[in-house]
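Heads up, the chain below is alone and in the form predicted on its own; it's given as structure tokens.
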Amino acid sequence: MPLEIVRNDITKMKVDAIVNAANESLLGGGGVDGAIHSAAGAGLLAECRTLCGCKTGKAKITGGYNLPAKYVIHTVGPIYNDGKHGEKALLESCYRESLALAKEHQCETVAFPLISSGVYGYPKDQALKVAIDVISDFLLENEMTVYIVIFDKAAYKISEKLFSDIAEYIDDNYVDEHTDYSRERIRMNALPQAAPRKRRKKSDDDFLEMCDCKAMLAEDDLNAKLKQIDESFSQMLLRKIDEKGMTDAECYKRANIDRKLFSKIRSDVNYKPSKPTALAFAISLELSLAETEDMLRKAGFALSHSNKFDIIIEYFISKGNYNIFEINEALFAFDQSLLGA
């Protein structure tokens, strides 16, 4: 998918470029900066000495040396004071400048750390939102795969209010299927049973009439089911794109889907997507919950209240929030699969 949050060591990412959260000297430091210099070797430091430093909010590029990445893009994030001294604008500039350099050097894959969220003190939830907003805007206009690399869960945080709201929604709607069925059986067994009705003897005419009715109902039911499967997932998707007045590119970019996969779906009327891919398109098209359920059925899936992933998706649709990148932030926070390909 074009934007993905991953838990990994950025120095081990096999991408075209990794981004270093550097200091203004570019000569190494602690945290991510120190780890990248250590993994890259002395060649990186030697090249950095020729760059004469870097201003906050700007970015410069070097070779990757001993790293799996071809390039290292060095950017200097702001030190957080109180959020009232231009920190947000400077942090946004770090991501924009880094992405511009990556594009200039024809990078197809780039990995970012969460800039300024360590010793520079930028609140992690706000730093993540800046990263998501700037990168997602860039990806709407450009073809690139971008990773936000989180070293451990402690380094990752969405807003406490959003986390608690989703957690409460899950608590209110989550159903343990097995527990629910057993409780329902107990409840049904505890209900008073109605007295059995006396059956009258059916005549031959009654029997024939009953058979005719069953046959008619079966035929109607079959016709209804056949109508439901007339339209494939691919056909429904393309129809919805036209109905919404969207271009193909707008749709697959908002769905966090790469162009190659969309081309496969468009060219194969019987394409069967994964559930996260089907839901990604439903989010992109801003479908209602009922329309989302319908699109999922075309792909052979359904939403379930015994699945936290499904409940989180339902939460965002119910709130009218169709920002797939924000949804993926929440899914990652709850250890769920991300939307997209």
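All residue numbers are counted from 1 along the displayed sequence. Since the structure is predicted, the reported quantities are computational estimates derived from the model, not experimental observations.
There is another form of this protein, the form predicted in complex with a small molecule, and it is not shown here; the text below is about that form.
- Look at 33-41, 290-298, 53-61, 269-277: in the model of the complex, residues with non-hydrogen atoms within 4.5 angstroms of the small molecule sit in 33-41.
- 115 is the sole member of 146, 257, 115, 72 with a non-hydrogen atom within 4.5 Å of the small molecule in the model of the complex.
- Using a 4.5 angstroms threshold between heavy atoms, residue 120 counts as touching the small molecule in the model of the complex.
- In the model of the complex, the small molecule stays beyond 4.5 Å of every heavy atom belonging to residue 337.
- At least one heavy atom of residue 22 is located within 4.5 Å of the small molecule in the model of the complex.
- Although the partner is absent here, residue 138 lies well away from the small molecule in the model of the complex, with no heavy atom inside 4.5 Å.
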